[in-house]
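First, one chain by itself in structure tokens, the form predicted on its own.
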Amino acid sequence: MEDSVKKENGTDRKNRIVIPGCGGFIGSHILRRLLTKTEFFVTGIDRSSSRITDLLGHSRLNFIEADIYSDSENLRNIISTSSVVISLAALCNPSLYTSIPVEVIESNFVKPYQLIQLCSENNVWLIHFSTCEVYGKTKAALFSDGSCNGLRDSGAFNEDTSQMIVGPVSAQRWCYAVAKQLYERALFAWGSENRLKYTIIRPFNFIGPDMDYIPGIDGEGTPRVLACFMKALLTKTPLKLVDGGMSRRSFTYIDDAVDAIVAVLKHPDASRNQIFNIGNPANELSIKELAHLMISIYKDLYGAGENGLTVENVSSREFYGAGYEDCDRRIPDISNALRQLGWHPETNLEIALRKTVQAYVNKYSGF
């Protein structure tokens, strides 16, 4: 990343943002919003620019195509001339948690730890993207009757009060959640001891255009569930339900998620040393229900016949390999974001899925 710190005349440090991972799904949407709707100058760092090619010539973007952690000294220089870092670079695909767990731990804790140190040294605000997976399982999952000491567990996770319950070490699926959780604890510790300015974002299943690759077309391996279902729809093959698709998730449209990040940037004092669940509790359903809803939307949009648009049950071991375990339910309590930021999601699930399905078909139907 030699000579990558670009100086703009008249640009104040307070107007400069660094986004490691700006070329990913979430990062690309945040970057596009900041460049089109704000006056921030952005230094974006990523190993790929495929999602942001239309932005590369923008006068307020300095894009560096590199591994963010490959040049510590230049990273220090970049951060020292900025006021905010929005940290997004990470491995966050469930299929990787059991296949390359060492890399998952390194990418989510070991390597990004230097960002904490550099931001603290330079008095830079670190906005860190964690994950809703830090919560692990609901309490109800520990009881066969779905209750907790006789009380029904609502499943709504709260940033300050919810316990974090994960599986045994042998269930390597949890390496991602635990690495992210340890990073959060490091942020809290540095905030307490060294006055680090930080904000933690816990995303709840963001979906939207450019979310994931399609295996065999522009990537290999197993993407996240929505892209897996989209490949099945495009190829008229059964949508595979891992362990019957009984797990429940709350899906959040990416535009609503970006609105939340903009709200964080607009309210630095209210956001300082806060944790925000960013999700849509109204958009909760099971993965099985998601599959059938996507089939219905696909048929409605494209008039597809019955052939091939079916579901098929598979075991988690068959789909992900040994060591996979899942949480039963992820639904966010978003009262803190509403109270501190005035933010709440607006896009209902059917509209979010319809837009996402349309974007996938527009991009991949010619392959």
Ligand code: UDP
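A residue's number is simply how far along the shown sequence it sits, counting from 1. Small disclaimer: the values here were computed from a predicted structure and weren't measured.
The same protein also exists as the form predicted together with the named molecule; that form is not shown, yet it is the one meant from here on.
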Answer among 321-329, 337-345, 53-61, 35-43 for heavy atoms within 4.5 Å of the named molecule in the model of the complex: the stretch 321-329
If the cut-off is 4.5 angstroms on heavy atoms, which of these, 205, 117, 99, 162, is the one near the named molecule in the model of the complex?
205
Considering the named molecule in the model of the complex, which of 166, 234, 297, 287 comes within 4.5 Å of it through any heavy atom?
287
Heavy atoms within 4.5 Å of the named molecule in the model of the complex: does residue 94 have any?
yes
Taking the named molecule as it sits in the model of the complex, is residue 242 in contact with it (heavy atom to heavy atom, 4.5 Å or less)?
yes
Although the named molecule is absent from this view, report whether residue 229 comes within 4.5 Å of it in the model of the complex, heavy atoms only.
yes
is_contact(residue 81, the named molecule) in the model of the complex, heavy atom dist at most 4.5 Å
no
Near the named molecule in the model of the complex, with a heavy atom at 4.5 Å or closer, the residues from 249-269 are 249
